[in-house]
Structure formats: C-alpha cells, structure tokens
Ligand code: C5P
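Presented as structure tokens, the chain that follows is alone, the form predicted alone.
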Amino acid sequence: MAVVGIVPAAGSGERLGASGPKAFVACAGRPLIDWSLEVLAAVCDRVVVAVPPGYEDGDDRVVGGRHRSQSVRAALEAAPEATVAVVHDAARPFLTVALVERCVAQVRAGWDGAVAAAPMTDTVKEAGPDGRVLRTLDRSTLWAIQTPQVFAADALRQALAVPDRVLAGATDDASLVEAAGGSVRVVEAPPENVKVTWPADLRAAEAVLRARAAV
C-alpha cells in the first residue's frame, strides 16, 4: 500500500499580502510549506507538490492548476502508484504525524475518505441574500472541515475525473468524493490545526513555531 502525500501549493498569497505564492512565504525562518512537508515525509512514502509555474524545479514537483482541485489532480496523476492519497494544505503548518495516521487508519478500515475537522462551537445561522436570518442550524451536527483529507486513491481519481468547471467550484476534495458516491467520515483535529490566511495568522503561527523551537 503506497501512501502518497499531495500538497496543492499553486495558490497566490493575495489575502496574506505576500508578493509571491503563499506556500513559500517565510514563516519562523522557513518557507511555510516546509512545516507540512516535514510531517508528511515522516508518514508518506512520497510527497508530490503542485506549484505555480516557475517553482517546479526539484523532485516531485508538478505545475498546478488555476484552482485547488486541479492542482490535486495534477499531483495525483504524477503518482500512479498511490493507493492512499493524503491531501494537505501548505497553509496549515501545525500538522501532526498523529493526525495524519488517524485519518489514514480510517481509509485503511474501509472508508473512501477521512477528513480532519473541528466541531462547530459558534452558533451558525443561514441567511438570505439580503442578510435576513432564515434559520439557526443545529451546530451539534456541524463540522468545520480542514486538512489533511485522506482518500483511497482510486476513489479520489474517480472524483477528480470531472470537467474543470466542476473542479473550479469545489471548496474541498472531499465534496467531490461525496458527489461521486464515496463514503467520507470526519476525524476530530486538535485545536491548533489552524490555517494561515491573513497577515495576523502568519504572525501568530510564527510566534508559536519559534516558541516550540526554543523549548
């Protein structure tokens, strides 16, 4: 069973205020992506990174697409040996070996996919286009989905074999697997598995990572 890490890292750093791709922004003395790659390398047999044009020099790097799932598809196509695919966003630098292994274990147990997630703690309301509240949702059944998202590789390949316009509308790869009839379950993630999106997130991540390195 070949476990292959897939890192879609072709996105821009606009919201982060970066001059280049977000995955390669410096964070605590290293490119942001390196924190995730270090963990994935400890669990996976191979890690393939989908990068923007001009960043493809190096082993196991492929040019990604305009949209996230296009990048995942490009990286997975470069790893035909994969039987389990571990998809992880470079913008989540607090990934742990334990979390990856827990998700992989669920796929090995027979699920088509297992996704890291956090139970919703805020009250969640559905609103109309004018901002009027339509209803309050039952948060006890709601989860905020994160990465890693781990899949049986063939299930993910099937889910990604759709037109680019469908991939462009996908907010995560699990939704594509679900739409293809796959079974996906949530795996509760630790609270620190946060995503770096805004400049304040980057500053907070740097502070935590530097503090850890000093211990």
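The numbering used is simple: start at 1 and walk along the sequence shown. Fair warning: this is a prediction, and the values are worked out from it, not measured in the lab.
There is also a form predicted together with this ligand; it is not shown, and the following applies to it.
Within 4.5 Å of this ligand in the model of the complex, a heavy atom is found for none of Arg108, Arg157 and Glu178. Residues within 4.5 angstroms of this ligand in the model of the complex, judged by any non-hydrogen atom, belong to 62-70 and to none of the other stretches in 40-48, 157-165, 62-70, 183-191. Interface residue remark: Ala91 is counted as part of the site for this ligand in the model of the complex, having a heavy atom within 4.5 Å. Interface membership of Arg203, defined by any non-hydrogen atom within 4.5 Å of this ligand in the model of the complex, is ruled out.
A residue is said to contact a partner when one of its heavy atoms sits within 4.5 Å of a partner heavy atom; Gly5 fails this definition for this ligand in the model of the complex, lying far away.
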